[in-house]
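A single chain comes next, written as structure tokens; it is the form predicted on its own.
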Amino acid sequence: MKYIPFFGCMMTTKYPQFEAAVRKSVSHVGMELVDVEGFTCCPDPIYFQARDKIEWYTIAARNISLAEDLGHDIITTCSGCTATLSEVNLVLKEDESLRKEVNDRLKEIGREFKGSINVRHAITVLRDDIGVDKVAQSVKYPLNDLKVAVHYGCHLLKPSRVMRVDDPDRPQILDALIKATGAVPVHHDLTLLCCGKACMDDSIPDRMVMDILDTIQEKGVECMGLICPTCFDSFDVKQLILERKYNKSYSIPIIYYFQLLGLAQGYKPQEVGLHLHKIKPDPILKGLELVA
């Protein structure tokens, strides 16, 4: 099973440990990643789209066209990248006049959007192509009794017609994949709340993040599990910022799903980059050492 990975800009430049975790863990479930040279930023699904939508379409279509040359589906590992590329891929397939306008622009650089492939988030490939059971079979050291607060974020699920990942109001995909590692997914009152990253007023995302972290603490979990590097940005280093700004004390490790999977498959914490996080998951790592 061959797929073209689109890691985006934040993951490759700011959180390369996530890319490393993806590459390591998917190799154990039969996924072959075929890299393409020349990808740019997706581009950003919020600010860039709001500024110049036709340019947003064109840049995303160029990225998709590079993958079309090889004929394999794109898999994304960032919810924002998924949102942009999935929407552009769907809309340009449906809207002939818009597709022509975009292709007229792409013609200047010798590219063309054909609409011949699909764009999917990597976790949907694990569920739909690989199967949750096979993911579980790749686990060597189950993360037994590790309580993981589930955070879906907003871009992964909505708009559901575009994303086609799961029921946006009652999602189960992350829960199932976390269970496959042996860990225990834990929902809380604000499981589906946005991290607030796109808000222009700092006080709004601060409040949203604190609300989420407060509800997580009440559940007595060991960490938060998520699938978006932008959300990770909001919850990891932000805990240190909130402590200084509001005298709030948090110490909740934030872990990207493929890091959890890599740990369960037998990779050392350093191999999946947990030592690079601002909130160190030391209690979790000691437990894993005992299991190993």
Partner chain sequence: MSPTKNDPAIEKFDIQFSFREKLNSVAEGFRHNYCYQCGACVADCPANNYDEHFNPRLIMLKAILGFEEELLGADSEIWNCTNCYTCSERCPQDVRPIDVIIALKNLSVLQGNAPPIVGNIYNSVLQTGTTTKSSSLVDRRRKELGLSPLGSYPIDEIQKILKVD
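Positions refer to the first chain, counted from 1. Remember, predicted model here, so these are calculated numbers, not experimental data.
Although not depicted, the form predicted together with the partner chain is the subject of the following passage.
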Assert contact residue (the partner chain, in the predicted bound form, non-hydrogen atom within 4.5 Å, options D133, E218, E96, E108) equals E108
Just to be sure I understand the contacts: of L92, L213, A198, A176, which is the one whose heavy atoms reach within 4.5 angstroms of the partner chain in the predicted bound form? A198
Counting only non-hydrogen atoms and a 4.5 angstroms cut-off, does E55 reach the partner chain in the predicted bound form? yes
Does S251 reach the partner chain in the predicted bound form, with heavy atoms at most 4.5 Å apart? no
Looking at the partner-bound form in the predicted bound form, is S116 within 4.5 Å of the partner chain by any heavy atom? no
Classify K245 as contacting or not contacting the partner chain in the predicted bound form by the rule of any non-hydrogen atom within 4.5 angstroms, answering yes or no. no
Judged by heavy atoms and a 4.5 Å cut-off, are D233, G266 and P283 together in contact with the partner chain in the predicted bound form? no
Contact stretch among 74 to 82, 134 to 142, 121 to 129, 153 to 161 - heavy atom within 4.5 Å of the partner chain in the predicted bound form: 153 to 161
Suppose contact means any heavy atom within 4.5 Å; which members of 44 to 68 contact the partner chain in the predicted bound form? D44, P45, I46, Y47, F48, Q49, A50, R51, D52, K53, E55, Y57, T58, I59, R62
